[in-house]
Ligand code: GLN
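Quick heads-up: it's one chain on its own, the form predicted on its own, in structure tokens.
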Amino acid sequence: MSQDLPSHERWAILEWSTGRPREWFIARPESEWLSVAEAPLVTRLFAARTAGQPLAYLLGEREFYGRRFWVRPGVLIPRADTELLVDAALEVARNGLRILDLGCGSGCLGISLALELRARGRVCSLTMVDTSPVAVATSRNNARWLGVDAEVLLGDWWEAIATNGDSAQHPRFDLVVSNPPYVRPDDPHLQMGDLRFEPSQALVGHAPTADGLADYRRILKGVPAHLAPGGMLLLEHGHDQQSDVLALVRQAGLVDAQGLHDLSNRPRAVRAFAPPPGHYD
């Protein structure tokens, strides 16, 4: 077996390829691990992962907030950092929330929120939006797979949710969550690790700027028309962007803006609220 991979990745490939748990392998000599039919698949997956291809794409799945989500090339791979937004959103776990996940990717954020609210006896409505047809299809599949009733729309940020194509008619949401593209286009990490294989539009956006915040400005421009009075906006961002995102949020007229930190105490998200009616600048 390949020794070039971390042990947890080798186990993941073996378990996924054979359907057998780790304990089964540990109880037997390595010469008995794979059948003649299984060996070529495992060898191919080991080689692909050693060459750098993301494990999530090879196995077609990634865990997020304790659940398995389907992923595939063309969709951003869910990451544990984004679980911070679920935790923060659950602080307003009241009944009847109208939730919007902007730039949904695999749907892991919005779907996890809906499921966690359900587990708390709360009912919500969920709308998810992405500009990528692959992401929209993946989110729909994940919603069905996990038993969540969600409207998943194809479109460019707020444009996707205009009523009957009329941009003057805007549905309002109580909670808007988003993990927008925020990687700076000159960031050297784009040439490293899994980022090399992930969709650039989900990392840097369609029209990136030097600060990586072009899509934040687009999102915030539409907030007054779409976030219900008192509604919460949650935005993930890069570890060194919090002060800039807070400034943009406040300039957009949102109130009680607060920076959030992940479990490693890194600044990773911003939370803010829509003011009462008529109070936007």
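All residue numbers refer to positions in the sequence shown, first residue = 1. Quantities reported herein were computed from a predicted structural model and do not represent experimental measurements.
This next part talks about the form predicted in complex with the ligand, which is not shown.
- None of the heavy atoms of Ala150 is located within 4.5 Å of the ligand in the model of the complex.
- Of the heavy atoms in Arg79, some are within 4.5 Å of the ligand in the model of the complex.
- Among heavy atoms of Pro181, some come within 4.5 Å of the ligand in the model of the complex.
- Though the partner is left out of this view, Arg10 does not reach within 4.5 Å of the ligand in the model of the complex, counting heavy atoms only.
- Taking Leu115, Leu97, Leu195, Ala88 one by one, only a single residue has any non-hydrogen atom within 4.5 Å of the ligand in the model of the complex, and it is Leu195.
- Among the residues Leu84, Cys124, Leu203, Leu146, the one placing a heavy atom within 4.5 Å of the ligand in the model of the complex is Leu203.
- Shown alone, this chain has one stretch from 89 to 97, 137 to 145, 116 to 124, 181 to 189 that lies within 4.5 Å of the ligand in the model of the complex by heavy atoms: 181 to 189.
- The single residue of 257 to 273 lying near the ligand in the model of the complex is Arg268, the criterion being any heavy atom within 4.5 Å.
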